[in-house]
Structure formats: structure tokens, C-alpha cells
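Consider the single chain below, provided in C-alpha cells and representing the form predicted alone.
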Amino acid sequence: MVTRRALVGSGIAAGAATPWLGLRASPAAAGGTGVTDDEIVLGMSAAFSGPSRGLGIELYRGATAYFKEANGQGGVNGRRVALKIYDDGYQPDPCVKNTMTLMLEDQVFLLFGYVGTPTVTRVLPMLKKFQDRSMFLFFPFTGAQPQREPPYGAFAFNLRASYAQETGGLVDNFVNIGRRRIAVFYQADAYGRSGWAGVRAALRRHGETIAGEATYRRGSKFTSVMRRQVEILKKADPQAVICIGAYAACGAFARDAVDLGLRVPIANLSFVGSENMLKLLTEGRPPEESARYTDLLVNSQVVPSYEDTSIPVVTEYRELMARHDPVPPAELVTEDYTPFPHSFVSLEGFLDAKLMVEVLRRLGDNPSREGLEAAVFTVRDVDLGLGERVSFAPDRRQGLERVYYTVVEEGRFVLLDDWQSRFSLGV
């Protein structure tokens, strides 16, 4: 049984680092190629502080569960996987600094599990600039386009479906049930614009345009007032709103939309952090009030339900989360946070780590950065236990394609199987 407990950090600022899994990178690893006789060191910069900290913490926890299990089974070709972690607070400047440290001082083997479009888009030009080091970014928690297309796509490998696929699916489903007037609420940065562009492109295929749009500043908290944004969108008279943001701000928007009478379906992308947003909207509220704030939510996901134990990898994920009960290093957690026993984000982190171990295994006994691309391209029709096989190739740097849709029932997100009955215009 996973123990749910609040995590309280020591007040370390963004940019602070700590070793991961209790494994301290050896001097040889830190000063060379990221590989020693007994370990491979990966580097990660993610949000462990600030209003989006739940994303980095949950992604880390899922990845940790798998890496710990792999290490306990002898590691990868006899080497343990270690991770050097830095907190960037979901802000680009600390992420750039962290990445420079990871590449030039720590000299990790590769970069893994970065969180967010505004951070990743600032890192990609660095990977291109230092391409002689053959440094790659593996499986970032973002569905944006820059790491999927020239000039930077050659320096990253993605596992998850893209934001274009998520927004495209949401638009198609809304249009199919007659909800053609779709507005957008989005974070005013590269992430928000990437999702906005996906919505616009999908609507254009249906002969429609964005009905209205409103933005918010990255880092906004749940206590932020979104009245102005709601009023802007109400004037556009939308039949649905697609949100491209993180859980605190999107939760605040959903709350204020309900309070101000904007009673239309409100959709969110997978990056939002569904469980964290749901907790903000329902904690301390009676069931009937909670339902009022959540009955019109629909969130897209890039992994299946973590409650569907008919899927082999879900059973494996739940077993290893319970066995290892991973928590992030206290040095990086600067604010209270209660982890979830299971979440869509931690399941994604688990899948990232599982595929990462498979790639490292294919490097053989003498892993080198120069051999990474070739090793990834041998991943063809690999079954992670999802039911959707993973393949990579020089012209395919994204492993999975499927998008899932979820709604809230009885205080939890469940798979949506009938858009018409749930979101018909009569609702």
C-alpha cells in the first residue's frame, strides 16, 4: 500500500541539485562521459517547486519506481542508473543554467524527463550548439512541436503523443457533437502558443476559427482571479473551451467559469496534471458542490487509466509504486506537497523510465553517447505492456500516438466513451 504523506522541503531555491536514488555520481562519471564501471548518470531539470511542482514530483516518482526496480535487479548490463536532478521551478532561465551544469560540469550521459515547453524550448538550441557532444534529451514531459521538427528535432526523442494530436482530437470530438464554437484559454508562452496553434489548425480543417481567446501568466496560482479571462470568453459565446496550461491556473479558470455562469465543457491537455487540478477544485467541498465544478471537465491524456489493471503495464506500475513508494529528495521540495498513490503523470514517468532502460540495454557493455541514436533506432514494435507498440526511426522520433479522454465521476477521472451523451448541446 502506497503511503500518502505530505512532503516538506528545506527551502532550497530553484537550481539546487541532489543525487537521485541514493546514488551519488562518482568522480569519473561526473568528470567524463557519464559512465563508470558501475553506473550510468542521467541528468534531469524539472519543477520541484512553485505552483506546478506536482508535475515534476509525480513524473519523478513514476520514473523512480521503475529505475529502483531495475537497479535492484542488477541495473543495465551491470550498471546502476543514477540521476542528477536540478529544480527549475518550471522557469526557463533556471532550466538553462541547470542544463549547462549537467552538460559541462556534471557531464551526464544524457538528459531525461524534463518538464514543460517553456523550459525545453530554451534548452533545444543549446543541444544544437553543443552537438559535438552528442547530448540528447529523452522523453520530455511536453507535447510541443519544437522538439519534433527541424531544426531541433534531431536532438530529442519523445514517447508521448503531441499537443497537436491532443488538441486535434478534442476539436474533432467537439465538432462531431455540434460544438463548433471553440474558445481557447492558454498560458502566455511557448506552451500555450503551441496548444493554441494546434486548436487553430484543427478548427481550420473543419472550416472554423477560434471563437475567442484569453491568456494568463505562467506561474499563476489557484488563488489567482480569472474573472477577466472568463468575461472575455463569455462575450465570444463559445460552445466549449480548450485550456492549455498547468493545474493551478486551469483550476482557477474552471472555478471562476462556473461561478460566473460559463456553463460549457472545459477541456484540458494532459500536461495540466489532472489529479492536482481535481484536488484543488474539490478539496473541502461537499460532493454536490464539487460536482458543479467538475461535471463539464474533459481532460485528454497520453497514457491509459492507471486503474485499468487489464493493461499489463498498469499492473506493473501499481505494484512497483507500492513496493518502492518513491518520494523526491527533501532538498528539492520547498513547499508542502502530498503525492498521489497513482496519477497519469507518474504513470507517464514510469513508461519513460521503462523505455529508457530498454534503450540503455541496447547500447551493450560499452555505452557511448555516439551510439545512442543507433540504439534508439533499433526500437521497433517494442511492447511496453500498453497494447500500443513503440517504434523509432530516423524519420520517427515519437514512440506513441494514442490519445485518451477522461471525465470526472465520483471524484476521480475515468475514461470517456460517449461524447454525445456527456456533452451534447442539450447539457
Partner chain sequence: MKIKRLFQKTLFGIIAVFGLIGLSTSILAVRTVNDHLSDEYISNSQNIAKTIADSSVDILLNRDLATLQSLIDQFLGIQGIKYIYITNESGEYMAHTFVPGIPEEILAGDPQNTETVNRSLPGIGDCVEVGSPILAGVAGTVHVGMDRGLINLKIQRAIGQQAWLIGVAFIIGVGAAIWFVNLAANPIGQVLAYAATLAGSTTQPVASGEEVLARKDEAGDLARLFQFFARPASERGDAAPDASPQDKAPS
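It should be emphasised that the depicted structure is a prediction, and the values quoted were computed from it without experimental measurement. Residue numbers count along the first chain shown, from 1.
Keep in mind the form predicted in complex with its partner chain is missing from the figure; the text below concerns it.
The single contact residue among 101, 71, 145, 173, judged by any heavy atom lying within 4.5 Å of its partner chain in the predicted bound form, is 145.
Note on the partner interface in the predicted bound form: the residue among 107, 229, 294, 91 having a heavy atom within 4.5 angstroms of its partner chain is 229.
With the partner left out here, its partner chain still marks one of 239-247, 165-173, 211-219, 274-282 in the predicted bound form; by a 4.5 Å heavy atom cut-off that stretch is 211-219. In the predicted bound form, its partner chain sits within 4.5 Å of a heavy atom of residue 204.
Contact annotation for residue 78: none of its heavy atoms lies within 4.5 Å of its partner chain in the predicted bound form.
Proximity of residue 307 to its partner chain in the predicted bound form falls outside the 4.5 Å heavy atom cutoff. Of the heavy atoms in residue 319, none are within 4.5 Å of its partner chain in the predicted bound form. Highlighted residues 313, 343 and 411: none comes within 4.5 Å of its partner chain in the predicted bound form, counting any heavy atom. Along 133-170, residues 145, 146, 149, 150, 151, 152 each place a heavy atom within 4.5 Å of its partner chain in the predicted bound form.
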